[in-house]
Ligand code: NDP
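Read the single chain below, which is given as structure tokens and is the form predicted alone.
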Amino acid sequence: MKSIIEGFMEEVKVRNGHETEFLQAVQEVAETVIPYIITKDIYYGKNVLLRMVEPERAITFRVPWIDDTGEIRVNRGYRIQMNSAIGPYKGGLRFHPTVNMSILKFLAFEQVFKNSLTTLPMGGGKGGADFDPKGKSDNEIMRFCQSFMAELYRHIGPNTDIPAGDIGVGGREIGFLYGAYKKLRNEFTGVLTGKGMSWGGSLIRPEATGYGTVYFAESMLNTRDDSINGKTVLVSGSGNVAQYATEKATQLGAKVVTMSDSSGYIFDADGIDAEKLDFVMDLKNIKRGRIKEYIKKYPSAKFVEGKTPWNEKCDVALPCATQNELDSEDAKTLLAHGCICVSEGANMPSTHQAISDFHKAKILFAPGKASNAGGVATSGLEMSQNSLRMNWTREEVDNKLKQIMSDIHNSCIQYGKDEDGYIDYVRGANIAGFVKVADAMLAQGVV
């Protein structure tokens, strides 16, 4: 089996040898899915996984824009349309200096499995640009978004490809992007998700990824007759996912003691309650400030510069910042400090070795493609509401989100339960996501 997996990875590396993040994502899937493929005649010998790792379409384009000083700036835009076997491409747009082909291909590949797990008819895609919104004025961001959409609009549509937000692309950016699309196409359609409530958005969409991450953690803990109530929780990040993961964990009775950004993390032993979270939301969403300003408002807390929160003691860890933020050393520290559950809010925040450490310790561990699927699931619900020209209530959307996260959890158990009762959520999520897409691909022929 090892030689078969290695042979597959060597073939993938020939075309993608310099794309480390993408290869990491493929390796994780290959190690769990290939042993399953070999036992199933319907998949064996069809090279289905090899087809899945090759994007159906990879688009790159120039994005020229003018800054507030009148200088012409140039960035590079991308859209990876990975797989459309079960529905139109669906996945976020990321604006960040680190954006490149490798990162977007890994995100698009993960998105294929994540979208499949939601049970909604959505294929997988991802896109973005190496543009940094930090420090830019609203007018600069508007001009960039308009230039970006001047090319992207050719490749997307409500039945073709429906982008959403991601790191660096929030409600402000989605608004500018949608305005440009509407102008260029002269149509009002549900081509972007994460829209404002007054123009086609869905209740719970901003909260969905963070809420879903906590709902999934709760489902995992329930398998051991436990719950998140009373638990000490570490959250990394302070953006959208981290904010709403903190909110939901607190609502369910947990005590969240950390949040972070690229400058470091804050630790508040008293817990980040609703009032303190409101301060963080205003700081990050409105004032665009840094997390260290938290200790000016709440001096009993501490700020640790240049570090991630994983050195602190906890029961539950929710990595909600970015890829590969939690390595093997962090994993060992978390385990030594009594962590019993890790639910990923970001995409691939744990390294391959860190995941191996969690599995060896037999703690509860959920990969992002399962635990953070609530965001894209609610994007799918937004698409449904746009098609129906109606809005569901907050309670309706939240109930649908809870049900989807429960269904994803059950799918992971179906394919991931070991003989000793331990649930390998990585294997379960990968196989469950693979089966639906693979069946659709086989039914549609070699295309």
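If you're wondering where the values come from, they're calculated on a predicted model, not measured in any experiment. One-based numbering along the sequence shown.
There is also a form predicted together with the named molecule; it is not shown, and the following applies to it.
When the named molecule is considered in the predicted complex, N372 lines it closely, a heavy atom lying within 4.5 Å.
Although the partner is absent here, R185 sits far enough away that none of its heavy atoms falls within 4.5 Å of the named molecule in the predicted complex.
Although the partner is absent here, K114 is a contact residue: one of its heavy atoms lies within 4.5 angstroms of the named molecule in the predicted complex. Shown alone here, N159 lies farther than 4.5 Å from the named molecule in the predicted complex, counting heavy atoms only. Not one of K90, G190 and N386 places a heavy atom within 4.5 Å of the named molecule in the predicted complex. Only one of the listed residues (G127, G237, G124, G212) places a non-hydrogen atom within 4.5 angstroms of the named molecule in the predicted complex, and that residue is G237.
The contact with the named molecule in the predicted complex, taken as any heavy atom within 4.5 Å, belongs to R94 out of K105, K276, K195, R94. Judged by heavy atoms within 4.5 Å of the named molecule in the predicted complex, the contact stretch among the candidates 345-353, 358-366, 140-148, 310-318 is 345-353. Of all the residues from 243-260, the single one having a non-hydrogen atom no more than 4.5 Å from the named molecule in the predicted complex is S260.
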